[in-house]
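A single chain, nothing else alongside it, follows as structure tokens in the form predicted on its own.
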Amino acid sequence: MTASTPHLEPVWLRRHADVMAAALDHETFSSAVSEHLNVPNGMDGAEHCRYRAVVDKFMNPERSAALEPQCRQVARELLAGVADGVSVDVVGGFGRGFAVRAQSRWLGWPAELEQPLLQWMEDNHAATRSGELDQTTAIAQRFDKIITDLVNARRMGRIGGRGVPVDPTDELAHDFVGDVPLLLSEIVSILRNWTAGDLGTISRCMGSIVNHLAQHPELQADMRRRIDDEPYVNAAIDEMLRIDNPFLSNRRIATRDVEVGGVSIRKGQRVYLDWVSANRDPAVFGDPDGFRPEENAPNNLVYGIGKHVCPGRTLATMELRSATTELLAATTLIEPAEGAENVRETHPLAGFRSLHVVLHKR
């Protein structure tokens, strides 16, 4: 693990070129930034490659595609409970509900965990905003207890005679890194990254997407016409997320003295890669609010870049496409809710905390 130098102020890299340079220089900018186990995000080099191989097989295109019918069904179930023409919070309501239910069905978690997970999401965001270490630690421990109980139950279940894994949680509970069985702590860390990260970000992604659609009815109409054109829908969603990116930043630690974009960085100094600013850099994108999916796609950093690119990007794209297309199919128009108070997240989070729109249903 690379140690940080406490007395040095963190450096924020915000320009697209600078963020790219640091994200692609894996030797100079280490991802081993936390004292806590973080598999595989907080690993470097060969260790990262070994554990990343374990994670990637769960989220490849084939497995993500097989999950899509379930995700679409989840979206339809939630939308069936939304009244026509009434103001709804698509982040706190539809977005969070979709994230929790879709993740639970993917991982094979019981339905009775949905409410505890929704409450955990709320408490976790509050603790993150507070910046209080005691609060964030307690919330993390609470989540780890949920995962540990689930994994232990699966391991005991296999002892009882079941030989074929029934879902990703079961499979991971008996998985290997190379020839060595995964430790319980490693399994918990992987599941924490899959769920704790996804539960919050999927709902905030839906806030960014639905806000853009509500502000641009012509785009809504175009996407409804092309609702079965998967590459077009994927590109449109990625561009909406570039314009209003809910993924704020990633951390690195410099392993040597280096200069990036004229900024001197010392060995051991903590570095933040500002994805939001990089994705709105006028030097690369011109008007950062301009909606140009095909033109901007090669430079879009919504899911990061390099060896540490988000391992769940294929799964997340499928989930967001499922939720968005079902929302568009169920409505004739999505428009902003007049007089509603929409709340933006504050550092260290980004995106919407709440977003109210009116759904005019078919």
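In this text, residue numbers run from 1 along the sequence as written. Keep in mind that what you see is a predicted model, and the values were worked out from it rather than measured.
Keep in mind that the form predicted together with protoporphyrin IX containing FE (HEM) is missing from the display, and what follows is about it.
Relative to protoporphyrin IX containing FE (HEM) in the predicted complex, residues Pro40, Tyr303 and His308 are all within 4.5 Å by at least one heavy atom. Contact check for Gln269: no non-hydrogen atom falls within 4.5 Å of protoporphyrin IX containing FE (HEM) in the predicted complex. Taking the partner from the other structure, protoporphyrin IX containing FE (HEM) in the predicted complex has no heavy atom within 4.5 Å of any heavy atom of Pro293. Residue contact with protoporphyrin IX containing FE (HEM) in the predicted complex: Val90 places no heavy atom within 4.5 Å of it. Interface membership of Leu327, defined by any non-hydrogen atom within 4.5 Å of protoporphyrin IX containing FE (HEM) in the predicted complex, is ruled out. Annotated contact segment (heavy atom within 4.5 Å of protoporphyrin IX containing FE (HEM) in the predicted complex): 246 to 254, selected among 228 to 236, 140 to 148, 77 to 85, 246 to 254. In summary, among the residues Thr201, Ser104, Gln220, Asn211, the only one with a non-hydrogen atom within 4.5 Å of protoporphyrin IX containing FE (HEM) in the predicted complex is Thr201.
Here is the short version: of Phe285, Trp194, Trp120, Trp109, the single residue with a heavy atom within 4.5 Å of protoporphyrin IX containing FE (HEM) in the predicted complex is Trp194.
Looking at 39 to 60, the residues that come within 4.5 Å of protoporphyrin IX containing FE (HEM) in the predicted complex, counting any heavy atom, are Pro40, Asn41, His48, Arg52, Met59.
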